[in-house]
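One chain comes next, on its own, written as structure tokens: the form predicted alone.
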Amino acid sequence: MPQNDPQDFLSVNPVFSRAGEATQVSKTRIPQGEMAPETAYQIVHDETMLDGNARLNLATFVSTWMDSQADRLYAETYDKNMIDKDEYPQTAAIEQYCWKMLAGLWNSPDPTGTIGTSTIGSSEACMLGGLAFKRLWQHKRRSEGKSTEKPNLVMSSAVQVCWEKFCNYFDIEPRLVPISEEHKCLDGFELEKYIDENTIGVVAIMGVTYTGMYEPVKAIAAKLDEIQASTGLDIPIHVDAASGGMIAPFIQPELEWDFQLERVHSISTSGHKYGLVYPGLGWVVWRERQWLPEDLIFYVSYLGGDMPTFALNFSRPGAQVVLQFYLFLRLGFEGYKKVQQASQDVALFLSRGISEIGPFELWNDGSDIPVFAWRLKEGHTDRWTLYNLADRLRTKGWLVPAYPLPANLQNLTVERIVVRNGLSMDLAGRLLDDIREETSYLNNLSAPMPSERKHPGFHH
């Protein structure tokens, strides 16, 4: 009988008996030899099974579902490099289509004449807006013969960590206005105490990461008008609309927060949040071209043409930009309105249901972006905390984070739910049942539960 070919062993034996899968694979060294592609696939596939179910992750703001046509486009364009605009001119054109559409959505006075860019996420988009502030401030100070040392940026203590990174990395003093029970976000209260001639700008957040609340951009702009009238300081606003930039235009059209306010120089958003695209994609747009200094733009020739680039990253995927354009065409204004309204309906359903469970008090209800937070009522119990509830929900697959609020309220713990496209009303009903069940379990404990502070798992 002829000797069997070794490859026959790989093809006829059951998958988990193949060479490579019958042994434990090293996770710290590249293997010396090769492995059948099916085997390598199976090992990696099985590793990822240990992750949580993305649809049940109510901590993340990032999109976890797209339709089959989007999946097909993704597979067709995953090899495109967004930076190589000479090789992929149509993808570059699609990028421009998108940010011009956003400029119009955000009421730019001249959507086709302004400027914007895609980014790897809204953290990068925020940093580009901040860099434009810093450079314009430096130009003005030098023209006046004044020092460009010690620039500062004013924002809420509840800003997402990307702004703290920006100030750290680019040598800017962060001036954090503390939130309080009376002022749950930056609303202009005592803003004059934080503004001086070295202030490069103010950040206003449309959808605070901690709670989902909108900061009232119009009120902040009005306060800055008062400060300019009394001091002469003309301070611009960057709106960090990572979430709200793709919510407010559709379901709160009466709200004035965008380029309708002249003091708003730039707006950033996450395409991979309520833009409904897979990660990672961000956008930043300037109200007028003059607010992006030309000396921040680089021109490179080594990709085959004289290409302008303004980004912290160089090579980055173009597929998500294509997906954003697909969704703008696929959904249109009315489609986005339906999707975002459905998410808000689910958020309001959940927040109302949670408010009716005895131990809980809402911090906000999800009527801004479809995100809300709640806390334990004072004096309700000393036997368990919201961290214990988060742990109990995790055993059923739900990731619902509990965490302390920022400085000035750090002794106050809240729990938060982010409602995204894909959390249906039916699934939300199941979640509410599980919260009721686990709350009842905790209330009936005869001894206190151990509790530790845990990382909130914020996503920008």
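Nothing here was measured: the structure is a model prediction, and the numbers come from that model. Note that residue numbering begins at 1 and tracks the sequence as displayed.
The form predicted together with a small molecule exists for this protein as well; it is not shown, and the discussion that follows is about that form.
In plain terms, the part of the chain that comes close to the small molecule in the predicted bound form, with a heavy atom within 4.5 Å, is 199-207 out of 375-383, 199-207, 224-232, 107-115. Taking non-hydrogen atoms only, S351 never approaches the small molecule to within 4.5 angstroms in the predicted bound form. Among residues of the shown chain, H272 is one whose heavy atoms approach the small molecule to within 4.5 Å in the predicted bound form. Shown alone here, G366 lies farther than 4.5 Å from the small molecule in the predicted bound form, counting heavy atoms only. Interface membership of C162, defined by any non-hydrogen atom within 4.5 Å of the small molecule in the predicted bound form, is confirmed. The partner is absent here; in the predicted bound form, the one residue of N152, S123, Q252, S157 having a heavy atom within 4.5 Å of the small molecule is S123.
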